[in-house]
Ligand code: VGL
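The data below hold one chain only, encoded as structure tokens and taken in the form predicted on its own.
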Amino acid sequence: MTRALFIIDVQNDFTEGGALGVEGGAAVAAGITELLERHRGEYDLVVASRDWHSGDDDNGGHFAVDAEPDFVETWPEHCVAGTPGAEYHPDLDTSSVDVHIRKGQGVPAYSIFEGTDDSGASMAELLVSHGITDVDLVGIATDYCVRASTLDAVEHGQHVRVFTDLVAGVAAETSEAALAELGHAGAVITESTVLDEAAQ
């Protein structure tokens, strides 16, 4: 097998104190760094995604401009390209990241598969070019971008594991529902401790 790690949207605006901060976001950032310190060698490819929205428009209706956000389809302004909110959380060590994906550039985007790397390559193209068969998935938010990215990875024929100890969601109820949906779709819902167990 050829395994990749997908790190979804561990950005300042999605962690505590950010425009759309979720509880536990900083802990997820630190936990992913710890995982990479222990298990980087088990991944043939490490990919990190970021929302990278335009700051001069509503990003295709994604930003609430003329009305209050409904927090389903419309959101407060967040992760505007080049702002501190769009940067990775400082507790996430990105030195081990091979590919950086930017998504939502002028349009709504939840899945890592909706973005491109610096060369313009899509996530689907990168999976093929690197021969990836298995994906472990961590990041923020469980009930939105983690959910969408996992469903797309499964649809692209990957064997997917979601590490529940390294994700954080907007709300407990919707996060639990998302994990149940992902399990039903074929993803393995587990914890990152499986990496330690496999190494023993």
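From 1 onward, residues are counted along the sequence shown. Nothing here was measured: the structure is a model prediction, and the numbers come from that model.
From this point on, the text means the form predicted together with this ligand, which you will not see here.
- Taken together, the three residues 100, 112 and 136 lack any non-hydrogen atom within 4.5 angstroms of this ligand in the predicted bound form.
- Here the chain stands by itself, but in the predicted bound form one stretch of 158 to 166, 144 to 152, 127 to 135, 30 to 38, 144 to 152, has heavy atoms within 4.5 Å of this ligand.
- When this ligand is considered in the predicted bound form, residue 178 lies well away from it, no heavy atom lying within 4.5 Å.
- Put simply, residue 20 is close to this ligand in the predicted bound form: some heavy atom of it is within 4.5 Å.
- Heavy atoms of residue 89 never reach within 4.5 Å of this ligand in the predicted bound form, leaving it off the interface.
- Contacts between 51 to 77 and this ligand, taken as any heavy atom within 4.5 Å in the predicted bound form, involve 51, 62, 75.
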